[in-house]
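Shown next as structure tokens: one chain only, the form predicted on its own.
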């Protein structure tokens, strides 16, 4: 209706205003809750054209709309705003359209350009944790939303399977893994431990050994023992210690941290890890075999976790394959003057004219940095998928600057598609106890968290009852649906840009803005429609509409525009909170009227149709968020 009125005003402008008008003149907004109306037109832009007061301008437009726009009951002009009231017939037609459209609100599949969405992108030195969950659920939901509005979507991830952090786990496993009576070190098979957890265990073990060795080195330095310490490091430590004099506690702690870093860099175990990285890059057979073996353990663990999450990918990229891809692009850009070379041989780009700074793209020894890798990977993806229009990178906000630089470099290299690349930046997830730290083993493991919320959902559901007639398998499936649904919704309902505090207890609550609350409403409507033996093809020709019923239809009618806005700004939170508002409206309605036992057949059919439409849109919304919609709870 908004588009219809918009177009009608443009066409009628010479008659109505005595001149043509532009798109900017016509401004609509949602009508305030405390006044009558279904849509509000802002009148102020027309006052100058009509050479009258805002109230007089509103009255003139009101008269024209009431006479020419079918579906409008009447209008109310108030202080520069025109509140437009639609007829009951209009809203009934809206309800019928929703019922008759199985994929209501969705666009024609593949009617828009292909978009690649990157998410997950874990390191192979540790299992997935709570921070990964926000990333994965966010990326997976955005992929579904983009698909729903018509895009062809390619889901991908870059697996960070190389670097010093990987070598730390490998070295720790070699040094600290116990040997059993068969002469075997620990493996997922002989320990029963998931591969990603086993490797993560040794990443923590490496850090423990590193901290212990560094502590011993610092103790020697404090006692004046600097044997085997380079003169430059010795001088730095002594200068730091002198600098602590007269400083406050916070400043002294900062200096101590600098000394700790110096000590860590002097440890034998870190040097061993660096040596292992050099051997890996040289394709040393023994190191490479260990690398492929331990990565294989991790991949099996990741696959099990992804399966539990209900997420998947269309294409995988591995950092071990991609880290050199950008070197040729950098050398080509150097010839063209996009980059410049310093006297030490390193290659840089100067982005100061664009409000950024200078950025290293190739080290003096010719090795690639992360930026080089990402340049090559982006270009390689467009070669793999020639119809690709743009990319969405789901990465935490600590990388905001990195992606500004990456997209700008790609543009300067001449890739027009770089303007269609978007960094889906999101805030970190905190716990009541504070930040998580992988190397210290203080993260919330993704598998453990999913198991916890499923167990909590099981306890809650069993306490409530209503499980009669369900087999044990169906009950277990229901607990999983509720637990994971609550977890996903909790992480998605917050604007991605905001940092958030996670509380597992709240995530599975049956009241408030939670996944289980929405799931329960869906299950309640399923039971209601089954009890009424309702046929969804029933058309509602005439029926009186109460205010609550009209508000629900109005909310249902907003689904398509909300979905498109969520796709435009890459925010599942918009869809989540739209759905919560819909469910609140429906539950108020459900509690205040008769439905199945309503004696008036016409009214009963209307309310059943309304319930069926809420169920339909609710299920579609939940699915786009990756949340299953149970039929019983």
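Positions refer to the first chain, counted from 1. Computed from a prediction, not measured in an experiment: that's the story for all the values here. Note that the rigid core is defined as the largest set of C-alphas that superpose within 1.5 Å between two forms.
We do not show the form predicted in complex with the RNA, though everything after this point is about it.
- Not displayed here, the RNA is approached by residue 632 to within 4.5 Å at the level of heavy atoms in the predicted complex.
- In the predicted complex, no heavy atom of residue 250 sits within 4.5 Å of the RNA.
- Mapping the unseen interface onto this chain, residue 238 falls outside it, with no heavy atom inside 4.5 Å of the RNA in the predicted complex.
- Using a 4.5 angstroms threshold between heavy atoms, residue 231 stays clear of the RNA in the predicted complex.
- Heavy atoms within 4.5 Å of the RNA in the predicted complex are found in one stretch of 220-228, 202-210, 504-512, 371-379, which is 504-512.
- Out of the listed residues 523, 563, 557, 361, 523 is the one that sits within 4.5 Å of the RNA in the predicted complex by at least one heavy atom.
- Residue in contact with the RNA in the predicted complex (any heavy atom within 4.5 Å), chosen from 464, 383, 335, 242: 464.
- Taking the partner from elsewhere, every residue among 78, 528 and 595 has a non-hydrogen atom within 4.5 angstroms of the RNA in the predicted complex.
- Residues of 158-178 include none with a non-hydrogen atom no more than 4.5 angstroms from the RNA in the predicted complex.
- With the core superposed, residue 80 shows a C-alpha displacement of at least 2 Å between the shown form and the other one.
- Residue displacement note: residue 591 has its CA displaced by under 2 Å between the shown form and the other one (rigid core superposed).
- When the rigid core is held fixed, the Cα atom of residue 505 travels 2 angstroms or more between the shown form and the other one.
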